[in-house]
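The chain that follows stands alone, in the form predicted on its own, written as structure tokens.
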């Protein structure tokens, strides 16, 4: 449930290098449904257990990576208040008209945060034509495919000055910070942030280059679904990064790999229940290996170094 005014991350637009091959992955291996295509060739998709029009947009480009992420807030009043608060925080805000580049979405406000990432806020979005049942519903309307991703869950962003970006998420978006990792001098190295009971909606890692994304996370039902995802990674010859494994940070059950265009994907299950009145969990940078990969206690270099 949403605890604060920011309900969840509801939309992400990714750049991909080979639209057909990458789209086949998202539809037939990850298990998303194609919703529509835009006049400029972008493809909009959603997970089977999501109600909103779409949550993922793929855009053909020369480089892989992130265009922007958008957060759904709880209504028009909150949207206008957050616009004003964003401007007061010091970020210039632009307006995206309804039903323009993202079909089915109402008005959006966009801005760039300290890490160099574009964030957007919205409150209105159409109900998807294909959504979970509402009257005496079955567990699904159409049997899920592939990894059976249930929803867009979270993302990890790399960039400079994450302390300011963390503060923005708290002061303007009304989110809270269940878990952090600090360097020896007390500086913030990484932070996990949420607006609900999930252990994280997004995370940041301090990094010299702005605007980078480490991974996009999609939620699975349970540990056996993570194992099924591992089988599909092997069967389809996708490049594995690490896992199946478990995090101590967030307590998630996880596997990381790269989709055909080189964007890292995490499929994830479990995780603890977050409440804003819980004490914050704090990790030392020297213990980050155990925090990220509880079983091995070690971080492989690719995990920290490869971003798009």
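This is a predicted model, so every value here is computed, not measured. Numbering follows the first chain given and starts at 1.
Keep in mind the form predicted together with another copy of the chain is missing from the figure; the text below concerns it.
Student: Between 97, 163, 127, 88, only one gets a heavy atom within 4.5 angstroms of another copy of the chain in the predicted bound form; which residue is that?
Tutor: The option sitting close enough to the partner is 127.
Student: Using the partner position in the predicted bound form, report whether residue 62 sits within 4.5 Å of another copy of the chain, counting heavy atoms only.
Tutor: Although another copy of the chain is absent here, residue 62 would stay clear of it in the predicted bound form, with no heavy atoms inside 4.5 Å.
Student: Is there any non-hydrogen atom of residue 77 lying within 4.5 Å of another copy of the chain in the predicted bound form?
Tutor: Taking the distances in the predicted bound form, the answer for residue 77 is yes, it comes within 4.5 Å of another copy of the chain.
Student: Looking in the predicted bound form, any heavy atom of residue 15 within 4.5 Å of another copy of the chain?
Tutor: The answer is no: residue 15 has no heavy atom within 4.5 Å of another copy of the chain.
Student: Although the partner isn't part of this model, could you tell me whether residue 139 comes within 4.5 Å of another copy of the chain in the predicted bound form, counting any heavy atom of the residue?
Tutor: Heavy-atom contact with another copy of the chain at 4.5 Å: present for residue 139.
Student: In the predicted bound form, does each of 146, 235 and 296 have a heavy atom within 4.5 Å of another copy of the chain?
Tutor: All three within 4.5 Å in the predicted bound form.
Student: Tell me which of 163 to 171, 97 to 105, 215 to 223, 184 to 192 has residues with heavy atoms within 4.5 angstroms of another copy of the chain in the predicted bound form?
Tutor: Result of the contact check: 215 to 223.
Student: Under the 4.5 Å heavy atom criterion, name the residues of 92 to 109 that approach another copy of the chain in the predicted bound form, in sequence order.
Tutor: Going through 92 to 109 in order - heavy atoms within 4.5 Å of another copy of the chain in the predicted bound form - there are no hits.
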